[in-house]
Every structure is written in structure tokens, then in C-alpha cells.
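This document opens with one chain alone, in C-alpha cells, the form predicted on its own.
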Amino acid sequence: MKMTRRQFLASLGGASLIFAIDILAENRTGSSSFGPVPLEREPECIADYTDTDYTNWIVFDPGENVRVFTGRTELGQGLKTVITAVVTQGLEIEPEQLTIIQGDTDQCPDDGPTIGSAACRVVGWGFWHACLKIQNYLVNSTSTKFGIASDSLEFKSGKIKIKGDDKTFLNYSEISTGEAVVIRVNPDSTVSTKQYIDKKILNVNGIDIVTGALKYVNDLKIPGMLYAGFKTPPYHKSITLLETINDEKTKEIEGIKAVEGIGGRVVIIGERYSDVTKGLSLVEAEWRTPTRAKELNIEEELRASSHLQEVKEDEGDVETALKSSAVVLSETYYTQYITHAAIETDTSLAAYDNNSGKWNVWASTQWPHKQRSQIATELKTNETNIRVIAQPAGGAFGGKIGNTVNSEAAAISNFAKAPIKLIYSRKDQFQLRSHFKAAVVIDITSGVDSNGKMIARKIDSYDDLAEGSTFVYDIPNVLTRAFKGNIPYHRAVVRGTSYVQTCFAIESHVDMMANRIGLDPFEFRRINVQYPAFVNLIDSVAENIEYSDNNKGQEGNEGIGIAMVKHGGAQLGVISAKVRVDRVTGQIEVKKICAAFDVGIVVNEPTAVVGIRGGIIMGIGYVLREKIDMDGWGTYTEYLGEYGIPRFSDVPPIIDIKFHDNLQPGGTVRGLGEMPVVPTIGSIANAICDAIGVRFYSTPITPEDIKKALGTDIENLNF
């Protein structure tokens, strides 16, 4: 996105002063001068999401109020709470003085997609440093303007005061000219090193969420609005072609405005959503039958159709190291198709504004600017003619970054010449969207020396990027390859990305290696970790789950497991699970989860804890319940109950969470959002194996799998 400062100011209305610090190198400006620059000479503001300077997006209004702007959106992950925490502390203002504008493409920068592990690290910490720069500027400006030594001044309660004088305070309006300026700051200048303190503020949206005051897209209504819905085809969309429509019964329904084939899909438009859903049940359509086989053997098709996509790591000489290993173990692991399962399905409201000559699209999205681009392409118009206004999303987990619902709503609105609210049903979400975390086949071979040190590992991952394979264990000889398969269901970005599949395979395999050489799985990991910080995390969860090699802290049919991950560059996590398995019914009870994370500075612990608990619960669903029912033609799962998201009864009574900062003490914010999902799967799988002595090589691990493995399937028992 490119927006000049003048355009930005015009969009704001009556702001009195913007502290927009533009860090400029000499070779870009041709000058080494710094300080306030007349607005006429200001540079173009390039709000690139890889290099966004958040000082550009902090606005001081009359009355000592502050507005901040970000293209990142609220997904229920608490980004607004994080921004509130850092800006109110950084500028020493009250929450009532702060307004946060998120996800409006006419006002906010394109600072990239909202991703759980990056939002706090990039946006939250970006605003923190912006506030510190502004503090420095205010002190220096006051010193220059009033001839007061800068070391005699201090920033306090959002104002500048003379040290020792509790009566004289200068606010930003008195320091400045009261007009918008661009402040150029020497990139080598010192920034305040004020220490951030987590004040543990509660979710700023909490009351609105529980009272229903927070408005989602489906809550919005505008004059003349119609509803739209799709007829779900019986086959996967990539192999489906619409041939004919029989709409006679549908058009008899009062309130139905149109039944059309748009973009190869049957679209029904009506005055009420109930009209649309009734019409969808009556409309008849014929589709071209797929040419591919209906049977879907994932492993066979992946192995037969895959090509090498990426070599993830290649160090040393794996084959030679395997030959010299004291013990070598080769295994294959499988994971199922998983979807985002957000409570809010894809929903969009699109309308053309005759006054502005622009399309307004209210979106549930993780990336408003990407949606704007998609909509402009669909409507064959310039992006400046599209305004996307992100509403709070009822969950996303990666599924609302490039989702097509917004461009579809705009296209239908353009056809109907009326505002359109397009709502995906749950069946649509599963079957029409068909957007899943890939089912993966992972071949893994490891070699261990006589001292219990892993010296070689080879991984071939099919239809997966093998993310999460690196930098957990210190292995001198490694080869990890990612292969791309050619089957109808391709991988999507789902919370935890391919760390989920890789971690399940690696951490299960590590336990099997420990068992093969007769070492305790906790100790085996201590010996082989890449970072010493992992040892502290292992010790933390071992203590909290009451585990030791001599006293594992469990009774009969109980087991304890552990799994680890290095996520997102510098996030370290270890989770230990305690489970109980009923050998007759096959039921698996997760009794306790203990987690330890090394993520640097925790910006807002209440938000972090809630996010971690949600991630762990999602991980429980991945390993024990969730699965898409499909074949080579289509998806057949229709409801969340069929899909198997975790229930309250699946949640352990104890989820213990500890934070550490060993890698870079006191230094940085390193992110957290996705990581808790990842090691949960491996820890539970390992705990089940510890409980009953059976290794499961695929997920989900169901009661039926337990009974079959133990030979206790009640239907086949002879009493």
C-alpha cells in the first residue's frame, strides 16, 4: 500500500498533531538534516508490512486523546488488548484516551496478515518502540523550544515536566505548532530504554463479547440489503463443472430475487436468509462427474505423484553417519486432513456507495489489503475504488487470509445492483471451501551413537513443508526434504502450519528412539537438545507433572508424554501430558497438561494464557478427534459435531502454564500464538503409548483405534 502523508491526514479529519517519525538514511534523502519538516516537503509514506514504522501511525488529537492505526485485525486473539497495554504504558495515558482503528484499508497501513505468532511481536512491540521514540522527541523538542537542558526534563503522565517541579507540565499541543508535522529522526539516535512492565490488563473487548455488543459481519445491516448463498456441489470444487440449473421450485418462493450461475456456482439471492436457505434446498443442478477415481489412498497417491519442492536442511553426511550409528530406527507417520473450524463461517457484506463511487466491503478477514486486491481483480477495477472494513472475526486460524468470500460477495452485489450479505453455511465451509491442513506422510530415520546422542536424521515429508524440523535437536548430520503431492485437496495455512504434522512425527519418533536404546524420554531429550534453554523447560514440565524416571507419578493405565518445538524463529516450547486410557471402552482422558514456554517478554499475561489454553485445547482436538470425511471426489463432513472439535468434557481439569526467558533474558518479544497447538499433539500421543505400550503412527487416535490395538473391541469379545 502507498499513501502520502497528506492523503493520510485528509482521512483523519481534525487531528492536531501526528508524531510520524520517518527513519531516513542519507542515501535516500541526500541530506543529513533532521527535525520537523514542512508538510509540503514530506516524503511518501510507504506502509510496507515487512518494514512498517509504527510511529507513522500514532495520532495525537485535541483534548490529549490518541489514535493508533494498524491493518492487523481482531480475531479474538487479543491484539487490541496488547496494543492498549503497550501504548497506554508507552505514552503514559489512560485507556479512555486511546482509540484503536484496525483493518480499514482507507485509513490503516498494509502491515501484513494477522498471524497469531507475529501480531504481538510485530505490531505490539512496534508500537512500544514507537512510543519510546515519541517520548524522546518530546523531551528534545521541549529542550530546544524553551532553552531547557534535556537532562532537566522528564516524560511523565503523557506530558513533559521539569524535574523537581510538580506544577509545570507541557502537553504535545503546547510543545508543537499544533499542526501536522513529519519528524525525521537520525537512525543512529538513542531510543529510550524504558523497561516494559506487564500490568496484566484484561481483555478490552471482554464485556462487549459476553454482552453481544461486539459486532461481527453477520450483525450488520444496511438499507436495501439482500442475502446470498451457494448451492454446494457434490464434488470437490477443483474437479467440478456446473452444467444445468432447474430453478422452477425455487423461484416460487416469495422473497427470492434471483437464481443464477455465477463463476460456475449456483447462487441464490433473496430478501431474507431463510428464503435463501429454503431456495437452496429446492434448486436442482447437474454437475459434470469427475474423471478421477473415487477411492483416495492418500499414501499411495502422494508417493506416486509427489515432486521435490524444497530441501529444508542438508548438513553433514547422513548416509555415512547412519552406517556408523549404534542404533538406527526407520518409521512412517501419517496425519489426517484438518480444517480451521472457526465458529464464525466465511461471511461478507458488500455494497457500492454512489456518493463516494467506491465499493465498501465489511469483511471477516486476517488481511484487509489482500482482500482489497482480490476484490479489485474480481470487479476489474482499481484498488483505490475498494474500501475493506475489517470487523472482529469469530476465529480464523489461518483460514481468513486469502478467503474468497469477500470478492464473491462483491461480484454478486455487482450482478444484483444491491448490497449483498453472503453467508457460508457450515456445510459450505467444509465442502465448498474445502480448505484444509494437509494430510501428510512422513518417513523418518534416525541414528544414535552408543552414548545416546543422535548423530543422523533423515526426513521425507509428503505434501508438507516440514516446518519445525530444524533447531530442536543438535544433530550433526541431517537431511530434510519436502515433497509436493498432486491430489485434489491441497494444503492450507491452518494454525501451527506444518509444524503440527512434523512435530507429531518427530516427537513420537524420539520417544521410540529413547525406548529402543533404553533411555528415559525426558533424559534423552536433555542429552540431544540444540538450545540449553530447552533443558530448563523440560525440567519445568517434569516437575509440574510430577514425573521422574523412578517415579513417573501415574497409576495403572495412566501415561505421561512430552514433546518440544522451536517455532517462529525463537519461540521454544515444551508440553507434557498425563492421560488415562480405558482399555475396555478405548476412551482417552487427558488428566493434566503442563506447559513451559521461552518466549521473551510476555506483553500481556492474561491474553497469553487464554491464547495458550485455546491452542492446547485445539491440539487435543487434532490428536484425538478432528478429521474430515472425504474420498477422491468430495468432502462429506457437514457439521462441527461430525468433524469432532473438542468438547468441554475433553478439556483437562488442570492446564498448568509457566513462562521462561532464557534465550535472550529481558530482551525481546518473540511471539506465541500458534506454538501451543504444536507440541500438544506429540505429548498426548506419547502419553498414550506410555499408558498402554502401543505406538500409534497416525492421527486422530480414537477409542476404536485403542480397542483394535488392544484386542478389546467389545463386539468381538467372547464372554
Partner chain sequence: MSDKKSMILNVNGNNHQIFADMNEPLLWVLRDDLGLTGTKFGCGKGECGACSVLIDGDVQRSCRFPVAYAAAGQEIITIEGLGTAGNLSKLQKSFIKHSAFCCGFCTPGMLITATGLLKTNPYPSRDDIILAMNNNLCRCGSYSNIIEAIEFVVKEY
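Residue numbers count along the first chain shown, from 1. Not measured: the values here are computed from a predicted model.
Same protein, other form: the form predicted in complex with its partner chain, not shown, and the subject of what follows.
Of the stretches 637 to 645, 153 to 161, 571 to 579, 366 to 374, only 637 to 645 has residues with a heavy atom within 4.5 Å of its partner chain in the predicted complex. For residue 529, no non-hydrogen atom is located within 4.5 Å of its partner chain in the predicted complex, even though that partner is not displayed. Taking non-hydrogen atoms only, residue 692 never approaches its partner chain to within 4.5 angstroms in the predicted complex. Shown alone here, residue 206 lies within 4.5 Å of its partner chain in the predicted complex, counting heavy atoms only. Although the partner is absent from this view, residue 273 contacts its partner chain in the predicted complex, with a non-hydrogen atom inside 4.5 angstroms. None of 618, 119, 259, 82 but one reaches within 4.5 angstroms of its partner chain in the predicted complex through a heavy atom, and that residue is 618. Residue in contact with its partner chain in the predicted complex (any heavy atom within 4.5 Å), chosen from 239, 253, 351, 389: 253. If you check its partner chain in the predicted complex, you find a heavy atom from every one of 344, 424 and 626 within 4.5 Å. Contact annotation for 222 to 239: a single residue, 227, has a non-hydrogen atom within 4.5 angstroms of its partner chain in the predicted complex.
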